[in-house]
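Form predicted on its own, single chain, as structure tokens, below.
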């Protein structure tokens, strides 16, 4: 059995399309067709049948496709294993993160990791939790660190690695600034500035609001926590943000933070990855480094 012919068959079976197989193999469509036909001739078995414009795997084709899937999976694992042994300290880590984790939790940890593994290339992309989850599903990240709030896809595995509390912030000139805690009823007539929909912090807050049958006035939406904090400091409204993001603001006394007594705004921060993702040793080390660092 010719390995290249089997690979062409595998990609045709994967996409049920000769053109898509050719595109992913970087060869011409006629070449794919010829290789699949030669494989069928070698095996003296029909593997693919075409009905109209659609193609299907025969029973023999389905069985061979399952074997081919395992063969190429083992091939990838073997290559990863060899690379890990040969270049243990060399590699790439593609990491996605929600705003809180990406700006306030991970940079210091990644800096320490980079100092220990200077030849490792780290790429961190920050976005809303909804955006990060979709990129994980598209295999654009090795893993991600995001906040609780959104429904995690069944193809993803998540594990809580730390806790994060959301708090109310107001301008020092706001009437509520002198209080340590407020009731949700105190906020019904206030103007809110919130993150965009799709962020985990907004999902957590709005879900808590709905459970209490309360309506609030959301006047502005920003996709940047820093912009929200500046707007609140300017007394343009009030907001709910991660307590982890307020270290500098508290030191400078540019905003006041309060607890909302009626709401549970404690959330988990999750490490998330695809259930089928194959990690190199350097990625495993990075995950271990982040997990232990955040826990401490």
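Quantities reported herein were computed from a predicted structural model and do not represent experimental measurements. We call the rigid core the largest set of C-alpha positions that still match within 1.5 Å between the two forms. Residue numbers count along the first chain shown, from 1.
Only in words, not in the display: the form predicted in complex with a further copy of the same chain, which the text now covers.
By the criterion of a heavy atom within 4.5 Å, residue 112 is excluded from the residues contacting a further copy of the same chain in the model of the complex.
Among residues of the shown chain, residue 292 is not one whose heavy atoms approach a further copy of the same chain to within 4.5 Å in the model of the complex. In the model of the complex, at least one heavy atom of residue 77 sits within 4.5 Å of a further copy of the same chain. Remark: residue 127 does not count among the residues lining a further copy of the same chain in the model of the complex, judged by a heavy atom distance of 4.5 Å or less.
Using a 4.5 Å cut-off to a further copy of the same chain in the model of the complex, each of 51, 59 and 63 places a heavy atom inside that distance. Look at 29-37, 42-50, 231-239, 253-261: in the model of the complex, residues with non-hydrogen atoms within 4.5 angstroms of a further copy of the same chain sit in 42-50. Of the listed positions (154, 82, 188, 210), a single one reaches within 4.5 angstroms of a further copy of the same chain by any non-hydrogen atom in the model of the complex, namely 82. For the options 14, 277, 284, 23, the residue carrying a heavy atom within 4.5 angstroms of a further copy of the same chain in the model of the complex is 277.
Of all the residues from 1-37, those having a non-hydrogen atom no more than 4.5 Å from a further copy of the same chain in the model of the complex are 1, 3, 7. A displacement of less than 2 angstroms separates the C-alpha positions of residue 116 between this form and the one not shown, with the rigid core held in common. If you fit the rigid core between this form and the one not shown, you'll see the Cα of residue 73 move by 2 angstroms or more. Residue 246: CA moves less than 2 Å between this form and the one not shown after rigid-core fitting. In comparison with the shown form, the Cα-Cα distance of residue 141 and residue 10 increases by at least 3 angstroms in the model of the complex. Distance between the C-alpha atoms of residue 77 and residue 119: shorter by at least 3 Å in the model of the complex than in the displayed form.
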